[in-house]
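Next up: just one chain, as structure tokens, the form predicted alone.
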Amino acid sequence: MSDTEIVYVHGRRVWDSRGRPTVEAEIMLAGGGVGRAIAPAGASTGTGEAVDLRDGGAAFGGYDVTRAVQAIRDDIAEEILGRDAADQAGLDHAMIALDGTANKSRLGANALVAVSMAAAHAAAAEAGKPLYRHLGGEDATLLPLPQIQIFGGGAHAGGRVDIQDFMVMCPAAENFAQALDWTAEVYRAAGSLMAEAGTLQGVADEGGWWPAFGTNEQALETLVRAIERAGFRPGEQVGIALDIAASQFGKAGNYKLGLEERTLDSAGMIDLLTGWIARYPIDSIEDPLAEDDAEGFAAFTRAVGGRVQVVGDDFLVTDAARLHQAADAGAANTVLLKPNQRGTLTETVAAWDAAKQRGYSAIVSARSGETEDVTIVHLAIGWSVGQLKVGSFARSERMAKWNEAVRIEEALGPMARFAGGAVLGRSK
């Protein structure tokens, strides 16, 4: 019996940052290595995502996960007991075949991704290595440039503003720890400005400030002021990243901006966003058009893709095949990598491999319903992705991930490299 043979598989129900049930998987190997991982859950989800299997019914508003947990304990356990946890691709493909559906609807992507990640942790533990080193070997030394939410909107804040995430990036920081230092000052300054103006309504799903702005652009104006109040130069030291999450308010080429009570077509939406890019220090825009607006996505990329990251989330859903189609059409230049959108680490890294093949950048991302699980930090570093997005600079399910990257940077010591502005195609 190999030390990396799986001898124990268990699923349990745990809880996420919204107080909803989610799935944790635990795996033990013959040599004693143990791995655990928890599946996150999104609020704004693309229609092409793998299925987050929920029970429906009255319990917990229909969000219970007893079916997904039982799938781990029964079907998945029976399939993977005796398999080699060090063979990640073999394990993942066995689970994909076992599910037998195109979207993981039988067993649930939440069940599969928890097991997939837990197996990786167990194999790393058996090898006596941190997960990032297990995944990337000696070359896993690149600390990602973080995208950190300052204001939460859209589905993360009751639709109070239409745009889902107003974030900052610190391309001029010398290292990951300094990027967090700078972000902490901007986050604090933004809260103070909003309190002074009477526009602070609380904290949104991912820890960002929940605003009461009169327009979407007011958030951009306030964010620039917060960067300046914190003592930084907007666009040089600290830039802005947006997640428009346009699929939440756009369909069939029509975009309904509830806050401003107006509707735009694709061209109007592109004009709105290109105007913002001209006026504000924006480095990255995610899902600027809806997932069903491929032509609009391509037109926007042609207009601004040489200046900013155009990120596909709902549009690409961590799918290698969709990424190739988008690349053929000239739509987007960056993919968001969310393991639970596909259900396994193998499919997630396939999307990253496709991105590299087609000249796309990538960002490893958490979800709005998160936990203390820090796997995605190790994925970003182990796969040398170069960017990481986990929400805001508040709430423990977010800070656990930022803090894990701080520890890894410290552990790497002089070997640590910070992606910084180079990952955006420009130097400090």
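In this text, residue numbers run from 1 along the sequence as written. Note that the coordinates shown come from a computational prediction; the quantities given were computed from them, not determined experimentally.
There is also a form predicted in complex with a small molecule; it is not shown, and the following applies to it.
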Query raised in the report: Heavy atom within 4.5 Å of the small molecule in the predicted bound form: which of 387, 392, 375, 368?
Result: 368
Query raised in the report: Which listed residue (336, 351, 238, 285) meets the criterion of a heavy atom within 4.5 Å of the small molecule in the predicted bound form?
Result: 336
Query - Candidate stretches 356-364, 42-50, 57-65, 28-36, one within 4.5 Å of the small molecule in the predicted bound form by heavy atom - result: 42-50
Query raised in the report: Do residue 293 and the small molecule come within 4.5 Å of each other in the predicted bound form, heavy atoms counted?
Result: no
Query raised in the report: Can you check whether residue 92 is within 4.5 Å of the small molecule in the predicted bound form, heavy atom basis?
Result: no
Query - Any non-hydrogen atom of residue 318 within 4.5 angstroms of the small molecule in the predicted bound form - result: no
Query raised in the report: Do residue 110 and the small molecule share at least one heavy atom pair within 4.5 Å in the predicted bound form?
Result: no
